[in-house]
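First, one chain by itself in structure tokens, the form predicted on its own.
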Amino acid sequence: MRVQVAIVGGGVGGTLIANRLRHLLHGDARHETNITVYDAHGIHTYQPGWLYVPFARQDPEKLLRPEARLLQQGITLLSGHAGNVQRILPAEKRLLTADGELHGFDYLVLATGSRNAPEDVPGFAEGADHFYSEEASRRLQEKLAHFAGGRIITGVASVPYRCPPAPLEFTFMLEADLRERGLREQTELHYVFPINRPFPIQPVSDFVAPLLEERGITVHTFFNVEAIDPARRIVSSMEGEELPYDLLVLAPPHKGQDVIAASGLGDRDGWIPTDRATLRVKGYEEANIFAVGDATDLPVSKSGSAAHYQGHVVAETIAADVQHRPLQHQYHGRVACFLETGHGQATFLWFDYEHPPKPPKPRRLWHLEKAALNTFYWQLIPPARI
């Protein structure tokens, strides 16, 4: 029996699932499984590395690898127009690509990720910086290199957003960087966040709040960014607060990818309604459609870590279904990630649906472990070795 598995998106989740499935199903004489990854760019990006680019601690070129080099032999990669999925037709179990071709599937994995949506905030593109793309992180590096003092506002424009710890990590690293450069006394640091605490998860918020106070960083909660006035250098919130700035660094608004909206699979912001345990797309269970990573509406971090753990579950689920064996795997909301706290230290966050994180005291060991993961990511995560 020939089985067609289509994976849309060649990021963490999509690449890991393809490789894990190939391992699980390779050599099964009863089933011929064709695994195809659709990725318009054909380039795999290690997005967590962008955090370090503004501080000149990471070469952006080393965060990119050809997707083809990361996929096991026997997996098909379609890129360019052939890999640019324009529409998903669940009832027909087919995909329409930009070259006009229709591709059938028996199993479909949506690993489409999220996109930056700065256009949702008037003035964002002209008045704010961020590090959520290669181009933006390079531009911010240039600005920080020439910064000589003033008021810097960091934080988050709106929720949800990719990699929840990253804006805090940037803020702690920025404070340490300014101190090392002798600019801390000449700089005011402010952190803005849309809800009533500086981090979405309460135990982590309780952990970082004293650190922010200790570092002299003023926190503004219930600050949902409404508009930015680049000429006056003022950022204003929906709650009516206005803050002047010399440099503004915000996580931009995020949305699901356009293909999800075009296919009628997402909510109003393009997030895919996904079963929290099985990772099947709600309403399309019989069509064998799954979603992982940033693309989902799951109540967990939009992060590579979440996609990593979800990817193993989806690969095991599809393999078990193809081989007609009992399914033993479900996703329990597991996420594990580091949080840089500056000055060469970090903490570690591990949690799932039932167990909130309990961040340990910042240590140099956690910082070194994160550095090791950043270095060995290519050998460990995409090949599904861990």
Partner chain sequence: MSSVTITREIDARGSYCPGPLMELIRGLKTAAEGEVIAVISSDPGSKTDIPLWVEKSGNELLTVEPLADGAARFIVRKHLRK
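Positions refer to the first chain, counted from 1. What you see is a predicted model, and the numbers here were worked out from it, not measured in a lab.
In what follows, reference is made to the form predicted in complex with the partner chain, a form of this protein that is not presented.
- No member of the trio Phe55, Arg57 and Phe207 reaches the partner chain in the model of the complex with any non-hydrogen atom inside 4.5 Å.
- Residues within 4.5 angstroms of the partner chain in the model of the complex, judged by any non-hydrogen atom, belong to 269-277 and to none of the other stretches in 287-295, 269-277, 126-134, 78-86.
- None of the heavy atoms of Gly74 is located within 4.5 Å of the partner chain in the model of the complex.
- Within this chain, Pro244 is remote from the site of the partner chain in the model of the complex, having no heavy atom within 4.5 Å.
- Shown alone here, Pro359 lies farther than 4.5 Å from the partner chain in the model of the complex, counting heavy atoms only.
- Although the partner is absent here, Pro164 is a contact residue: one of its heavy atoms lies within 4.5 angstroms of the partner chain in the model of the complex.
- A heavy atom within 4.5 Å of the partner chain in the model of the complex is found for exactly one of Arg69, His31, His355, His26: His355.
- A single residue from the set Val159, Ala98, Ala261, Ala145 has any heavy atom within 4.5 angstroms of the partner chain in the model of the complex; that residue is Val159.
- Residues of 293-328 lying near the partner chain in the model of the complex, listed in sequence order, are Asp297, Leu298, Pro299, Val300, Ser301, the criterion being any heavy atom within 4.5 Å.
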